[in-house]
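One chain is shown next in structure tokens, namely the form predicted on its own.
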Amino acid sequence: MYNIKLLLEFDGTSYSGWLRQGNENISTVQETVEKAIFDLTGTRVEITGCSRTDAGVHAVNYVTNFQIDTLIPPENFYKALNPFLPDNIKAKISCKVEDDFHATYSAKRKTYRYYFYFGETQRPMFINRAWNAGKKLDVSSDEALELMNDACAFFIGKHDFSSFKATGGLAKTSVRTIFDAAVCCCGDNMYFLEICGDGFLYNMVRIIVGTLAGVAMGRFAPCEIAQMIEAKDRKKAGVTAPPHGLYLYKVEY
């Protein structure tokens, strides 16, 4: 019996998030991968995922683990599995890990990226890949970048992020630690937020991005982020950015 760690990359556009829903009419990443493992091995397994990603959210390096008795060497399992997976989900690497490894509870840091841009016209190449955050900016790209990074500085540290969570989450506490947060410009009013923390609340990254977009458009001053955090009131923060710009980028153990 092996405990196998499996690293996945997936396009979440067609899926209702990671977690199995128990509804045959709803397709999720978890159940799709579990079915592929069954088709490959004839064994039904339950995969543990590192994060409960929402519908439409993507992943570059999504960590899972599962227990299985198989003759396939753990380091080759991903190669054997890929032909059974759809084109929008692929395994990147697999290996044997200790029995106590848990993709969720063993994680120390998670890094997300969110891609967004400003412009009056939807850019077809980025449909389901990045968010059109609004009209053309009244400031230059460099000024917008500086404003958003000034705002990012207020998120770093250990805070109660009640103002940046949606209702419906299962977290017992709203306190999280953000280790790093920065916005980068990748050209032509296209940006991405990269944010690393010990965990994230329901829709937290998406609300942070919606707030940063508001900073770039002059709706909020960067210093207002501190007041939003202090208020612990969701109504004080910006809009919730849509899921399709969000990517789980890296998980550290």
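Note that residue numbering begins at 1 and tracks the sequence as displayed. Treat the numbers as computed from the prediction; the structure is a model and nothing was measured.
Just so it is clear, the following notes concern the form predicted together with another copy of the chain, a form of the same protein that is not shown.
Chemist: Where does another copy of the chain sit in the model of the complex: which of 202-210, 56-64, 38-46, 23-31, heavy atoms within 4.5 Å?
Modeler: One stretch meets the cut-off, namely 56-64.
Chemist: Check for me whether another copy of the chain, as it appears in the model of the complex, comes within 4.5 angstroms of all of N3, T177 and D198 - heavy atoms only.
Modeler: No, none of N3, T177 and D198 comes within 4.5 Å of another copy of the chain in the model of the complex.
Chemist: Of T167, T173, Q122, S140, which one comes within 4.5 Å of another copy of the chain in the model of the complex, counting heavy atoms only?
Modeler: Among T167, T173, Q122, S140, a heavy atom within 4.5 Å of another copy of the chain in the model of the complex occurs only for Q122.
Chemist: Counting any non-hydrogen atom inside 4.5 Å, which residue from H102, K158, K90, K96 sits next to another copy of the chain in the model of the complex?
Modeler: Among H102, K158, K90, K96, a heavy atom within 4.5 Å of another copy of the chain in the model of the complex occurs only for K90.
Chemist: Would E230 count as touching another copy of the chain in the model of the complex under a 4.5 Å heavy atom rule?
Modeler: No, E230 is distant from the partner.
Chemist: Does any part of R109 reach within 4.5 Å of another copy of the chain in the model of the complex? Heavy atoms only, please.
Modeler: No, R109 sits far enough from another copy of the chain in the model of the complex that none of its heavy atoms falls within 4.5 Å.
Chemist: Even though another copy of the chain is not shown here, does I127 get within 4.5 Å of it in the model of the complex, heavy atoms only?
Modeler: Within the cut-off, so yes.
Chemist: State yes or no: in the model of the complex, is some non-hydrogen atom of Y78 no more than 4.5 angstroms from a non-hydrogen atom of another copy of the chain?
Modeler: Flag for Y78 set to yes.
Chemist: Taking another copy of the chain in the model of the complex, which residues of 1-40 have any heavy atom within 4.5 Å of it?
Modeler: Heavy-atom contacts within 4.5 Å come from E9, F10, D11.
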